[in-house]
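In the block that follows, a single chain appears as structure tokens, in the form predicted on its own.
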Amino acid sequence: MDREAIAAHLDFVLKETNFPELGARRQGKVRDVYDQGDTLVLIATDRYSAFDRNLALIPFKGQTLTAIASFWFEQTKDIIQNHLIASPDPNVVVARKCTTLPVEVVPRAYITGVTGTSLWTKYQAGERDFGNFKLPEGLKKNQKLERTVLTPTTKSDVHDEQITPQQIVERGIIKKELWEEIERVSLALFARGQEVAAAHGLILVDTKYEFGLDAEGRLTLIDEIHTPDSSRYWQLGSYEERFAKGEEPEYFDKEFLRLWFKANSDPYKDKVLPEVPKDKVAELSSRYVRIYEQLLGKPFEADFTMPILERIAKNIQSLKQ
């Protein structure tokens, strides 16, 4: 789908859902989650979230996220089991219900970012010791690190806080043996992600993993994996030349929109933020579509024959309690 087609469908968005027949509903930053007892029904909306706020609606975001996550769950199921059971609609996933572990794991292979929690922001402020790893002097923004580092955060719907592996164990948040398994699995997942991404002309810069325990107590990958919402991608082909020139990489995530908000407001403090220009909405939508097409190797298609909510209602008939 080209930019012109996307610009013509900026109103083709899914803001929220309301299917009480699917069970109790919880609204996350992006997904509406329905509890069906042993399973969860996750519906990916087109809400755009950054700086711990929902800021805009991006056409086709939910559909691309669902497809990309399903792709990666399939690519990594030999490393760890995941919660995916089925996807009855382009925006819907049926997942195995797990007990969510209260820590998110963030592998990083490059020093970059603009948010308060990014490595580059902290590095610029003089921080070198991050608890479980130390960074040398003289690093440049967007530089590749000597090895992938893990930066865990506490899991919260409001604001995530960084925490060290030592603190995770000492505070009894996760037992030592389980945490060591999480570290091992996270590095293996990220290495697989880098390998597959490179084969498709992309650099997987950093990402976020969430884990849970299934009914038998087995570690399970949940939520999403390697999507543009949970990951940062750069184009591989132009990275070296751009880095050598001190230029920003070709981004394929929402970083540019974060930068726009930072340039036009204080996104952490301002009660009311400026409305996102339509051309930037179209640009971000096109980035979701382009990474879908580059990773999955096929054209992105959307069904315009009926409204999204009507299509979802039709496709989830069999899931209703």
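One rule holds for the numbers: they count along the sequence shown, beginning at 1. Since the structure is predicted, the reported quantities are computational estimates derived from the model, not experimental observations.
Here the subject shifts to the form predicted together with a small molecule, a form of this protein not shown in this document.
Q: Thinking of the small molecule in the predicted bound form, which stretch from 195-203, 215-223, 134-142, 167-175 has heavy atoms inside 4.5 Å of it?
A: Within 4.5 Å of the partner lies stretch 215-223.
Q: Does the small molecule get within 4.5 angstroms of any non-hydrogen atom of Glu210 in the predicted bound form?
A: Flag for Glu210 set to yes.
Q: Can any non-hydrogen atom of His83 be found within 4.5 angstroms of the small molecule in the predicted bound form?
A: Yes - in the predicted bound form, heavy atoms of His83 and the small molecule come within 4.5 Å of each other.
Q: Answer for Ile68 alone: is it within 4.5 Å of the small molecule in the predicted bound form, judged on heavy atom distances?
A: Contact with the small molecule, no.
Q: Give a yes or no for Thr100: in the predicted bound form, does one of its heavy atoms lie within 4.5 Å of a heavy atom belonging to the small molecule?
A: Yes, Thr100 is a contact residue.
Q: State the residue from Leu57, Leu42, Leu295, Leu284 whose non-hydrogen atoms include one within 4.5 Å of the small molecule in the predicted bound form.
A: Contact check passes for Leu42.
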